[in-house]
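Let's start with one chain on its own, the form predicted on its own, as structure tokens.
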């Protein structure tokens, strides 16, 4: 029942006050250097002078999930929809490491639904039964494909499709509208990005049929047919879908489209600011934190590479607060 989350939502409301707002993001964009940005962030209780920017991001992510575990310790599985992406990233990393040989520090992500070390060990030993049931077949297929063909891209599309499918299904399983919308958006926009890349590189329909994951808001058979015909056909197909307003962004770059995806999700979750009940505000807070970390990462990278402020402002995401 929604009432069981009243205390958790009250705590989330207090934490929302410390989220980075548009004014802070504007201040970061206007800062002269990466070091100036880090000083501003330190004042907002992000990191400290002894941490690198990457260590700061890791700490901020840990803070988010530590809070969620504190608030809803017996409901963590409902947020698997946000964490599965890291599991499949780790599966991809583990397969490539096992086929190449050697140890490669830093390639595994933390914060998935299962420890990265467990995936690494299972893949290295080809012990697929040690993996979650939904991951076993794709792990075996991807590893055998890479060993037999040495085609890293083919390995990637096998895992990426499985990831998109499982994220969508995890969202549907919760029966929570916000989480279902998130899973659907991840899957659909992932399909669109694959279709666009395939159209630009001349991939055939056989490749596309293998790469695209089924979802509710796209006809993947039609998208596959369009992408195999070229970019104009992809645009023509999307013009008749709920993603028609993304066409202008796609015509600019994949990065612009990714910004559109993030902004669309932020607009979707903003009504949760006024919702005092249920799991929605908690899920929205997780997405808001992920969004601000992603935005700060973009800003710091831009400062590091001396990107003009005007160009940077075109890349930053909308904020939740």
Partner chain sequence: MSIGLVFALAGAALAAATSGMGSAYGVGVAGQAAAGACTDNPDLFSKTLILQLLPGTQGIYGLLIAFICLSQIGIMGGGADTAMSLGTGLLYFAACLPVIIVEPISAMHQGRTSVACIAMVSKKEETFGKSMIFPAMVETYAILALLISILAIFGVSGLAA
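Since the structure is predicted, the reported quantities are computational estimates derived from the model, not experimental observations. Positions refer to the first chain, counted from 1.
There is another form of the same protein, the form predicted together with the partner chain; it is not shown, and what comes next is about it.
Stretch 270-278 is the contacting one of 36-44, 248-256, 270-278, 49-57, since its residues have non-hydrogen atoms within 4.5 Å of the partner chain in the predicted bound form. Contact with the partner chain in the predicted bound form, defined as a heavy atom within 4.5 Å, holds for exactly one of 304, 313, 13, 297, namely 13. Not one of 100, 108 and 110 comes within 4.5 Å of the partner chain in the predicted bound form, counting any heavy atom.
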